[in-house]
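Next comes just one chain, in structure tokens: the form predicted on its own.
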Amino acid sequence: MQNKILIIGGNGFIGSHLIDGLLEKDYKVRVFDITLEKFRKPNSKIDYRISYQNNIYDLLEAMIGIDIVIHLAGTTVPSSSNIDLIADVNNNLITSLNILNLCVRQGIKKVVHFSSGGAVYGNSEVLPIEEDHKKNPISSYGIIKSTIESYVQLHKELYGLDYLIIRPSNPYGPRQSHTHAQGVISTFIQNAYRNEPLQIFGNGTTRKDYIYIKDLVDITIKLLEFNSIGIFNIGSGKGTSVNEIVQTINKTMNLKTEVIYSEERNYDVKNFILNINKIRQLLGFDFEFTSLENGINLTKEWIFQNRILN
């Protein structure tokens, strides 16, 4: 019998794809979020609970009968987290502590926390980055993600709550909103369609790890099926520069877009590539990742078919 799963923040980009993957595996899924999905109608197979994370009573009720809680919710990204540090703590750290405490109270078997594969490590001189690498966040977003990880581990020590901490690289793909300050690939495709210039912070040569959303979801579900416990990087294991992304988008869309280079931002991690040997060894399979060109093409096709151009 499959575990019953509650996804907090399940109507966002990652959550919507995670729902698809879990339903394919016949999991029973409940979603707790402040709104329904932006790009799709409600799924009749999902038990939706629409409320705010700080509503303890609604959260507690949503956990009734649940085996695993997946925590995806967050109100900031690196660019916005430093604006109001206290709000970042209240809206993301405190609410996460409430979730963990409620998990213990409700006898939840396991909590899955989606952290960050770039923000918690910060700028590293050693690439690729292994899970036991020193954490050195350079934004409030990274500090909060790292602190939540510590509290997740503390709840294991104090109360026996099993955990899975996932540190994803930069996920991209269909249903990623381009209205927020993240998702460079989706944003660039949108701008290219509108014949608008692409803004690059810095000289575009820094290399980061990008993973197509379905690959992230498939590996996450594999970890659940293996009942994995601990911290896992999930990325492509390869680095791609922003300049290379622009080149691939131009090639895929048969365009030549204008690029504007701006001063780099101090909260941006410069280079990060994740070491993914741990998931390869644990899962015992040679995962075939979606190539950047194929992933960009799939994202482009979804954007065009759905006319997500405004």
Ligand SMILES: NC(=O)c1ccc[n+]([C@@H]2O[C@H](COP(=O)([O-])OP(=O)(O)OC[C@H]3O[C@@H](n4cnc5c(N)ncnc54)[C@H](O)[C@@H]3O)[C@@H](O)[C@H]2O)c1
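Start at 1 and count along the sequence shown; that's the residue number. Note that the coordinates shown come from a computational prediction; the quantities given were computed from them, not determined experimentally.
There is also a form predicted together with this ligand; it is not shown, and the following applies to it.
With the partner left out here, this ligand still marks one of 277-285, 242-250, 31-39, 256-264 in the predicted bound form; by a 4.5 Å heavy atom cut-off that stretch is 31-39. Relative to this ligand in the predicted bound form, residues Ser51, Leu72 and Tyr141 are all within 4.5 Å by at least one heavy atom.
Proximity to this ligand in the predicted bound form, defined as a heavy atom within 4.5 Å, holds among Ser169, Ser81, Ser186, Thr220 only for Ser169. A single residue from the set Ser115, Asn191, Ser124, Ser228 has any heavy atom within 4.5 angstroms of this ligand in the predicted bound form; that residue is Ser115. Proximity of Ile14 to this ligand in the predicted bound form: non-hydrogen atoms within 4.5 Å are present. In the predicted bound form, this ligand sits within 4.5 Å of a heavy atom belonging to Gln176. Although the partner is absent here, Gly9 is a contact residue: one of its heavy atoms lies within 4.5 angstroms of this ligand in the predicted bound form. In the predicted bound form, this ligand lies farther than 4.5 Å from every heavy atom of Lys208. Contact residues in stretch 143-158 (any heavy atom within 4.5 Å of this ligand, taken in the predicted bound form) are limited to Lys145.
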